[in-house]
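Given as structure tokens, the chain that follows is alone and in the form predicted alone.
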Amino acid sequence: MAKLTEIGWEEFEALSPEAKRPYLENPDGGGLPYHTLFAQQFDRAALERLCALANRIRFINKSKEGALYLKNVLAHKRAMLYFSQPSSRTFLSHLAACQILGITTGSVRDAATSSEFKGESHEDSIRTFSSYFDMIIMRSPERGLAEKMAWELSNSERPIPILNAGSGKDQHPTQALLDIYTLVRSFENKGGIDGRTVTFCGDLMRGRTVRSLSHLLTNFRDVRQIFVAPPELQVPADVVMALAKKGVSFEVMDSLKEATKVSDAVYMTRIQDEWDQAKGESAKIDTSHFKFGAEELALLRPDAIIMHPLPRRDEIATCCDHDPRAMYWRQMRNGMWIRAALIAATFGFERTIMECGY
């Protein structure tokens, strides 16, 4: 297996995500990642293993005895949650996942409270964290930072894994994992994900969750993807090119109602105005036809689902919240379980948990 120590940063950075994958695999993980940086690291077999592990952790945790067992699995490990971009769900989900496994955690949630405020480089900060912790879970507004830090640590005296909890406008792989896990659980008794139609609606241009989930869905057979957004926020060319290259069926539409009628899952997203280059730029875009409300709910198939990575604004009306097809609250809880599975697998404890007596 190729190692990150065998390649320079500039050479590694220039590779496609698919070409980077061999450099990031866990030598003890049977094809699972060591550093989790982007969605293209996961094939269908890896996704199915992680979903199965998440289900197992979920089941074991139902009893007091099982929960105490899980808390001892990784009680000897420590994780640093390094979040230099605002977050509540992603931060708390990873924190809860660590707590389920007994991992001791530390956190920095604002660069102004770290030595970076004094001018310390990202590299020095990461090396500092690696002195105290066994894993770094990081979220950053800076594009490509998680990859650069993974390369830096792999070439240091203390290499530890990095989990990308959101990197710029690029990717959000652990969100995509929980999205897939939600789809798997929603359709597990209805034929699975194969052959489904998934509609993405909202800010598709800047939504890293959309990019990551779109990639993961290509691991399933005959999944059709529909992209609904104002022209200014429509799905970016790199996503379209990746789907076309893989022969995936997709369609760009401007009617949420029409897409809803044919969808098995509608994945709504908010306007990502934190990326505006000029203040108020996004507010000038007409998004009034890209909101999910009572009319869309009436058009949704009886066994279809509504998803959202959250937080939301007004793109899903609150009248949808108590409909059994609204999965966004369950989706959030699913994140805790699949992230616990990923963390356990990263440390090489997949088999231990799957074969335990609980």
Ligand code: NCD
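In case it trips you up, residue 1 is the first one in the sequence shown, and so on. Source: prediction; values computed, not measured.
One more form of this protein should be noted, the form predicted in complex with this ligand, which is absent from this view; the next part is about it.
Quick one: does Q225 come within 4.5 Å of this ligand in the model of the complex, counting heavy atoms only? So Q225 does not count as contacting this ligand.
Indicate whether P311 is a 4.5 Å heavy atom neighbour of this ligand in the model of the complex. Result yes; P311 sits at the interface with this ligand in the model of the complex.
Are any of the heavy atoms in K148 no more than 4.5 Å from a heavy atom of this ligand in the model of the complex? K148 lies outside the contact set for this ligand.
Examine T90 and determine whether its closest non-hydrogen atom to this ligand in the model of the complex is within 4.5 angstroms. Taking the distances in the model of the complex, the answer for T90 is yes, it comes within 4.5 Å of this ligand.
Stretch in contact, per heavy atom within 4.5 angstroms of this ligand in the model of the complex, of 46-54, 317-325, 61-69, 303-311: Looking at the partner contacts, the answer comes out as 303-311.
Just to confirm, with a 4.5 Å cut-off on non-hydrogen atoms, which of R196, R139, R211, K77 contacts this ligand in the model of the complex? Flagged contact: R139.
Looking at R270, K257, R143, R185, which has any heavy atom no more than 4.5 Å from this ligand in the model of the complex? So the residue touching this ligand in the model of the complex, by this definition, is R270.
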